[in-house]
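In the form predicted alone, a lone chain appears below as structure tokens.
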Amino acid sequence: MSAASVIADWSAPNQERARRLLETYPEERSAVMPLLYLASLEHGYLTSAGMTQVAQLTGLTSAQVQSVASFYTMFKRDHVGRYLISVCTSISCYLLGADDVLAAVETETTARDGTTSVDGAFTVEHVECIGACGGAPAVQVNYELVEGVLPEKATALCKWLRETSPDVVMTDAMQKSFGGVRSFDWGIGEEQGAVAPVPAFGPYGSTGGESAR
């Protein structure tokens, strides 16, 4: 079965991205993780059908693909809101009030930790260390980082997302408006941000260059 026939129901751009990803690696099975992200973008989350398609593309079994998808928490196997808000609750963030930040996010979004709001706008989760201990408490929106977030700023961030509904979320813009102490000074300005609750990466088609409005 050809790759084109396996993902015939995918959009033309995602079919082309899948083809390029498969050509990038000497062994097709090595493309399993980026293809899982691509399947997530195509279906809105990582469906059983999407995982089966990735298995067929890579020559892996469905069980092998599911073992990868279930091991890494960034692969979401249930419906995800438009904005995935991840609050780090590891030790550095916890000691500086991450629980209060998480509570503020839950209150403003009406989504409890591990759930999606009724309107589908937000999914809220607590996560382990995201590598921003020097800028604790740290929050991510669709994996775009904001450091030094206080509870009141977390509330304002969620209100901003709901009221402006930006097509692209960008770290620089959110840090300026809602962040505080950073791990270190960022030396390079950001030109692209995330357009979906998947890490912003060009080959996935998950980046956008428009300024968040």
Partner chain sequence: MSFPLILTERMTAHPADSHRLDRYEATGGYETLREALGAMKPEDILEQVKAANIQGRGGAAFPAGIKWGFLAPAEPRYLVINGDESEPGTFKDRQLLERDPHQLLEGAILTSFCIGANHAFIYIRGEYPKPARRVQQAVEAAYAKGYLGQNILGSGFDLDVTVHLGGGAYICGEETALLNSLEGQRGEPRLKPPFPAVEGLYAKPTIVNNVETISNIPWIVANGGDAYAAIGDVDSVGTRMFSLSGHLKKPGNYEVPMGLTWRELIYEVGGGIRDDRELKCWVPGGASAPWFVAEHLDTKVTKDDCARAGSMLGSGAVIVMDDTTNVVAAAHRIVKFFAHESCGQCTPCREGTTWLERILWRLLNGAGRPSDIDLLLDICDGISPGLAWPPRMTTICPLGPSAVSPITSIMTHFRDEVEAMIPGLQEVAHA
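None of these values were measured; they are calculated from a predicted model. Residue numbers count along the first chain shown, from 1.
Omitted from view is the form predicted together with its partner chain, to which the following refers.
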Item to check | Proximity of Asp172 to its partner chain in the predicted bound form, heavy atoms at 4.5 Å | outcome: yes
Checklist entry - Taking the shortest heavy atom distance, is Glu128 within 4.5 Å of its partner chain in the predicted bound form? => result yes
Checklist entry - Taking 4.5 angstroms as the cut-off for heavy atoms, does Asp99 touch its partner chain in the predicted bound form? => result yes
Next on the checklist: Please tell me whether any heavy atom belonging to Ala103 falls inside 4.5 Å of a heavy atom of its partner chain, as the geometry stands in the predicted bound form.
Outcome noted: no
Checklist entry - Quick check: do Ser11, Leu57 and Pro166 each get a heavy atom within 4.5 Å of its partner chain in the predicted bound form? => result no
Checklist entry - Since the partner is left out here, which residues of 77 to 97 would have a heavy atom within 4.5 Å of its partner chain in the predicted bound form? => result Thr89, Ser90, Ile91, Ser92, Tyr94, Leu95, Leu96
